[in-house]
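Consider the single chain below, provided in structure tokens and representing the form predicted alone.
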Amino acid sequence: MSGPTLELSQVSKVYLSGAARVVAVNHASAAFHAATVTAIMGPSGSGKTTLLSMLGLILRPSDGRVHLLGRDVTACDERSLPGLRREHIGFIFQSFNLFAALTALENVLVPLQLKKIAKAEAPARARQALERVGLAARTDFHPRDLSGGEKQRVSIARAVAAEAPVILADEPTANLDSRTGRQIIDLLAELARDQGRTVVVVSHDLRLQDHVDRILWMEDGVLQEGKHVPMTEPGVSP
């Protein structure tokens, strides 16, 4: 499709806590296109993860619309949302979310099984995904035997194998050293460039801003376009 893969239109998320009204996201609008890595940056507590959860169809907005592949998904009923997430969105978490009892290969197979990929096809796709992220020699390793960077690569391989057009990453470098973190961002950029994925990364790690295609800055629930943040900006971790 020629338009954006994912789009927010005047999206807000409001929570009520007793008599208090907390605006986590305040009328955010943005379009996300294929073959592009967008970083949503800002200090902790600024609303980034809430925004990502609405992009990933985990939270419903209090107001505004979310469009996925041209479809208004805010109008979808709850029963259809798991299927939309499974088919179109790959999630990468800072805590990796791997099953400790499963090998790297078996962890990558999980979303393929949920998508009901043929048993004859799924293992080959999982192996190819692990090879794509540089873990061909680690297919039979359990998470306890992998480094932090390798665990994050397994989580990326899950999104690769599932062939989701959208990849959403929540603080994917938070538990990694700077060198490994840069490798992870470079890998996500390769996926966007080579496979046409739409990649959205939420982070307060300012080192990422020179390695992505586009930056959105979020603070106090307000989303701004194109801010380049100095490494010494108050309230933000370098």
Ligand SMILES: Nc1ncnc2c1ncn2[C@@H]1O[C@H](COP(=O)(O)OP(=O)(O)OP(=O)(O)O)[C@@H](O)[C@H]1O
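Model, not experiment: these values are computed from the prediction. Note that residue numbering begins at 1 and tracks the sequence as displayed.
Just so it is clear, the following notes concern the form predicted together with this ligand, a form of the same protein that is not shown.
Checked against this ligand in the predicted complex, the residues Thr173, Thr36, Thr50, Gln183 give one hit for a heavy atom within 4.5 Å, which is Thr50. Within this chain, Leu223 is remote from the site of this ligand in the predicted complex, having no heavy atom within 4.5 Å.
The closest non-hydrogen atom of Ala24 lies within 4.5 Å of this ligand in the predicted complex. Within this chain, Ser44 lines the site of this ligand in the predicted complex, having a heavy atom no more than 4.5 Å away.
In the predicted complex, this ligand lies within 4.5 angstroms of a heavy atom of only one residue of 182 to 221, namely His204.
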